[in-house]
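Before any questions on how it binds or moves, here is one chain, the form predicted on its own, in structure tokens.
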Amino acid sequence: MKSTSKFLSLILRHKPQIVGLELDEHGWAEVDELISRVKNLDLATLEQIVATDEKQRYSFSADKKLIRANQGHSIPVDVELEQLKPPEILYHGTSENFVASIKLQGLLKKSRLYVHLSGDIETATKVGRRHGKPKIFLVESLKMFNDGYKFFRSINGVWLTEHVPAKYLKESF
């Protein structure tokens, strides 16, 4: 099931064309079409993946006829995020391999549409561990917001912004 979830992430966030799928402008795919194009995928499996994904990566439409990834896209879609005032501090987890670059350039979205930020240190630490020994940056998000930067929060609680300049970052530990 984990490999199917990862494959769904690839399709719904980055490369829908590998299975001949088209997403609408808001990132939605038709569930029936997705199931017909992904080997060994049925509605029960898809529902289980959406319900149990620890990062809550996916959402169904109210009628369960559509599905999309909540955030993390590298393809241009508008997942209809509401602009919000962030808390005073947010967190970014990374690997110590990237600390020097981040201190110089800040946090860049790279191939994604947004920089991903966490609301707590624990989540940021988990994210950082995926890339090696974790390092956590504190992001002065409220200060950024007051300086005109836009923030959004996805359905699964991930905070998003287009760039975090180095001057708004403090190394945690």
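Computed from a predicted model, the values in this text were never measured in an experiment. Quick note: we count residues from 1 along the sequence shown, nothing fancier.
Beyond the structure shown, there is the form predicted together with a small molecule, which is absent from this document and is the topic of what follows.
Only one segment in the set 25-33, 100-108, 140-148, 40-48 has residues whose heavy atoms sit within 4.5 Å of the small molecule in the model of the complex; it is 100-108.
The small molecule in the model of the complex is approached by R130, whose closest heavy atom lies within 4.5 angstroms of it. When contacts are judged by a 4.5 Å heavy atom cut-off, R57 counts as touching the small molecule in the model of the complex. Among residues of the shown chain, L12 is not one whose heavy atoms approach the small molecule to within 4.5 Å in the model of the complex.
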